[in-house]
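Shown below, as structure tokens, is a lone chain in the form predicted on its own; questions about how it binds or moves come after it.
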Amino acid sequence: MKDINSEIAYKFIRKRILDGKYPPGYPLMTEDLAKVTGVSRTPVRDALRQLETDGLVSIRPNRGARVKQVDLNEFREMCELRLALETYAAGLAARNRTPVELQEMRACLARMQECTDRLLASKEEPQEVLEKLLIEDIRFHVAIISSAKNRLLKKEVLRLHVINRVVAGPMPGRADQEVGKGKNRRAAIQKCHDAIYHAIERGDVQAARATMEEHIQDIIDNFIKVMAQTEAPLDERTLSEEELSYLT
């Protein structure tokens, strides 16, 4: 998508989707988007087609474009694909990581440990600490994916993260699911991150894959459990998460 107006429309619509201003199922009217972005309808159509390729938009003949929405089964399939790719990436990271990349992982772990300690010591859970923990968690996983040295794999994993985030949206219990529900679980997740790092550090491909698989599967199981127990359908949920740096 080389046209500058198409790029303007693409970035505008994508940001609105990730910010939750355009939730799953939201109709994306070409004429309205052209007015709000200040470009003509042709660049908007180009942007919508690119967003469809990204997996964020659905376009149907005679029905127009809408923000992507999926059912539980399709969401589960995407999670399973993410599980396979991130598990494989951890093995590649154990083989291909550099000292600089290991240093980045250690820095993320240290910041996550600091946040976890603060949460374990507090009777309440300060929102800013939870948000920082989530960001550092993501940075840790991105550092691992980057150290795998597989550009296509990294691109697909990040694409799945974006789609998962948009189509699911926050639900009751999602924050607990993402950072660990209860103090024991928070400590367990930190321990799991440590195990993943140490396996990568010593170059143990099998251990890196096994620990990452256990970690991601646990996250997915809890996420899907929350989704299955939520009465509202996916198209009634909205997003409110802060857009994280690696998803821009």
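In this text the structure is predicted, and so the values were computed from the model without any measurement. The first residue of the sequence shown is number 1, and the count goes up from there.
In what follows, reference is made to the form predicted together with the DNA, a form of this protein that is not presented.
- Figure note: of the listed segments 192-200, 50-58, 35-43, 212-220, the one touching the DNA in the predicted bound form, with heavy atoms no more than 4.5 Å away, is 35-43.
- In the predicted bound form, no heavy atom of A188 sits within 4.5 Å of the DNA.
- Taking the partner from the other structure, the DNA in the predicted bound form has no heavy atom within 4.5 Å of any heavy atom of K183.
- In the predicted bound form, the DNA lies farther than 4.5 Å from every heavy atom of V67.
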